[in-house]
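In the block that follows, a single chain appears as structure tokens, in the form predicted on its own.
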């Protein structure tokens, strides 16, 4: 697999799966404003996924069915952070997930601004503008939820649950050396991980939220990036591809004669 191809799969799969999780909140968010905001964010993430999948189609010869609808769930390389099912009614969990992801996404996009692969670099600015709004939304809700002891406890529970999975955002694959060596991404995942920790840890601690010591975090057994996933992912994949299969899009069209 080419370095740019491998990086595009990471980008696209993360955005697609996160968008699917966000859509589950439509009409269930705590306020009409947050409902609309999350619907817009989900739409943005679907758009970003489409942007990166389009490059895989244009540059590497894939088609949409290969990339999404007929692709084996074991072949997706998104982080486990984005695939986890949200505990029922736990808005804090969604907010924390968004915050942890959005900070990492900003750092990743910054490392793609000067990508040697022009088709990627040309699209980064559009994604960055929309991602900035996503971060602001997550940060605003973090501030609100940590303003009282009761809701801060929910934030703390979400951080405890999600932080180990957020670290899988930075798990390298066999293509990592080639991606950096070729200049597709100008910084390594190890460097991005350190910058991410330098930002999210003090930010959460300033809100009186305890953050696990990264060195003491038990690494999740499914890593996502290597094709290993939680049961939550397989259930989600079956759900969002169901309509495609039910409508028979995966079956070849059948030509029938006039008297068939």
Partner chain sequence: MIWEVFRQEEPGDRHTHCGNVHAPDREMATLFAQVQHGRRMQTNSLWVAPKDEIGEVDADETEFGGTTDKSYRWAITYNNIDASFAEEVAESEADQEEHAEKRGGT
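All values reported here derive from a predicted model rather than from experimental measurement. Numbering follows the first chain given and starts at 1.
The same protein also exists as the form predicted in complex with the partner chain; that form is not shown, yet it is the one meant from here on.
A.B. asks: With the partner chain left out of view, choose which of 114, 136, 75, 122 has a non-hydrogen atom within 4.5 angstroms of it in the predicted complex.
C.D. replies: Result of the distance check: 136.
A.B. asks: Quick check on this chain: which one of 213, 33, 208, 231 has a heavy atom within 4.5 Å of the partner chain in the predicted complex?
C.D. replies: The residue in contact is 33.
A.B. asks: Given a 4.5 Å cut-off on heavy atoms, tell me which of 136-144, 180-188, 76-84, 160-168 is the interface stretch with the partner chain in the predicted complex.
C.D. replies: Only one stretch qualifies here: 136-144.
A.B. asks: Taking the shortest heavy atom distance, is residue 192 within 4.5 Å of the partner chain in the predicted complex?
C.D. replies: Residue 192: no, not in contact with the partner chain in the predicted complex.
A.B. asks: Using 4.5 Å between non-hydrogen atoms, is residue 37 touching the partner chain in the predicted complex?
C.D. replies: Judged by the heavy-atom cut-off of 4.5 Å, residue 37 is in contact with the partner chain in the predicted complex.
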